[in-house]
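The chain that follows stands alone, in the form predicted on its own, written as structure tokens.
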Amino acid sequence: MRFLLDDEQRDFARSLDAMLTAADTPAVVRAWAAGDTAPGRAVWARLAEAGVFALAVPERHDGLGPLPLELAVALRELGRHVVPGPVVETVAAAALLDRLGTLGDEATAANWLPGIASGKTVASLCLISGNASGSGCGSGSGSGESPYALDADSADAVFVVDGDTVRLTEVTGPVQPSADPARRLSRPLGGTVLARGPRVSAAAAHAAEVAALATAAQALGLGRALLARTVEYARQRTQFGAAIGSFQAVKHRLADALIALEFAEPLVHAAALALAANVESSGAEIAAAKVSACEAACSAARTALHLHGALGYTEELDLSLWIRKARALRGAWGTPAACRARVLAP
């Protein structure tokens, strides 16, 4: 099995990197955290034009996929640029609807998937209980029991799965405080039942796996960005007349962060390929990728914070946007403990 990206996939990643670099995403993140979603929506539209969300939608519903590996490539770049919004949840909602369609509820899939593919529909998804082991809501729960959904206050559609029932809710509670202000959490209230029965549970389990893979890819890109920013800073900051990057202890910290990211990347690619091939072990492979990528991102965040010193604690520094998100992604769609248990399960 080949885990290296081909030329087309690398070109796709570079094009997204260039687009998001020009978009000044730190300013977009700060606006989103303050409740101004217009800049974020503009970035979302450009991502849709590039085909990012269509990668999660089947061709029969105006998509290009599902293509898990290409989707992981895209989510890595979105993580690298700390793009705000329910990106993972929209992708997971597409997976939920697609699987419902293949299991017989084609009308619901046809009603929502074309809008997701085109970028016109921003969706959030919350799995409350009784779903895939080790999976959770976009709020960051690892058990699946959190009542909160990510960015439900600004999404066009909020899908809530509770056991064997999926409903569409249009009313949410107030936004709750979050360790990452750009991850706006609120409680979905009520809603209209869209489907009920065993097929909902099966579709939700699939959606949770897609969400975990997408989160792992995001974390991988985020960790890469943290490491790159820290290396640049270590070259510039001087102590005792020398750049701190020349000190052996600093080199070791940076090397450890790099090694963790390098080891996580093929796991993410392998999990995407397993999901695409629908192999029986894909759930365990996704769990391994999730815990490895998120722990690597958190390691990169700790290194960045340590080497930036007191400057790293300041909210005004853009670095804080990446550091806060690294911690949030660690627990989103499967805690480390839940993922490790999934890997070790017989």
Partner chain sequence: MDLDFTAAEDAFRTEARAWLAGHVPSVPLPSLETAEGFAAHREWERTLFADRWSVVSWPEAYGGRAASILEWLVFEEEYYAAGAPGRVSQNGINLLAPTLFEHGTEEQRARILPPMASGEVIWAQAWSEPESGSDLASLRSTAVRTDGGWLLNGQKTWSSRAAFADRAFGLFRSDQDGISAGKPYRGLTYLMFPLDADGVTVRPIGRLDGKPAFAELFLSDVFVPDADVIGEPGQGWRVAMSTAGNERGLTLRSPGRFTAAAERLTALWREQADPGDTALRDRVADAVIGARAYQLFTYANASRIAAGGTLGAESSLNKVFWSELDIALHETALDLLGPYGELSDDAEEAPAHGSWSDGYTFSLAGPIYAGTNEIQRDIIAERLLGLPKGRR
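Please read all numbers here as calculations on a predicted model, not as lab measurements. Numbering follows the first chain given and starts at 1.
Beyond what is shown, the protein has a form predicted together with the partner chain; the following relates to that form.
Proximity to the partner chain in the predicted bound form holds for all of His269, Glu285 and Val291, with the criterion being a heavy atom within 4.5 Å. Contact with the partner chain in the predicted bound form, defined as any heavy atom within 4.5 Å, is confined among 95-103, 260-268, 80-88, 209-217 to 260-268. For Asp156, no non-hydrogen atom is located within 4.5 Å of the partner chain in the predicted bound form, even though that partner is not displayed. Interface residue remark: Lys120 is not counted as part of the site for the partner chain in the predicted bound form, having no heavy atom within 4.5 Å. Though the partner is left out of this view, Leu189 does not reach within 4.5 Å of the partner chain in the predicted bound form, counting heavy atoms only. Although the partner is absent from this view, Leu227 contacts the partner chain in the predicted bound form, with a non-hydrogen atom inside 4.5 angstroms. Checked against the partner chain in the predicted bound form, the candidates Asn111, Ser246, Thr238, Gln176 yield a single residue with a heavy atom inside 4.5 Å, and that residue is Ser246.
With the partner omitted here, the residue from Val171, Val193, Ala107, Ala255 that has a non-hydrogen atom within 4.5 angstroms of the partner chain in the predicted bound form is Ala255.
Taking the partner chain as positioned in the predicted bound form, the only residue of 66-99 that brings a heavy atom within 4.5 Å of it is Leu69.
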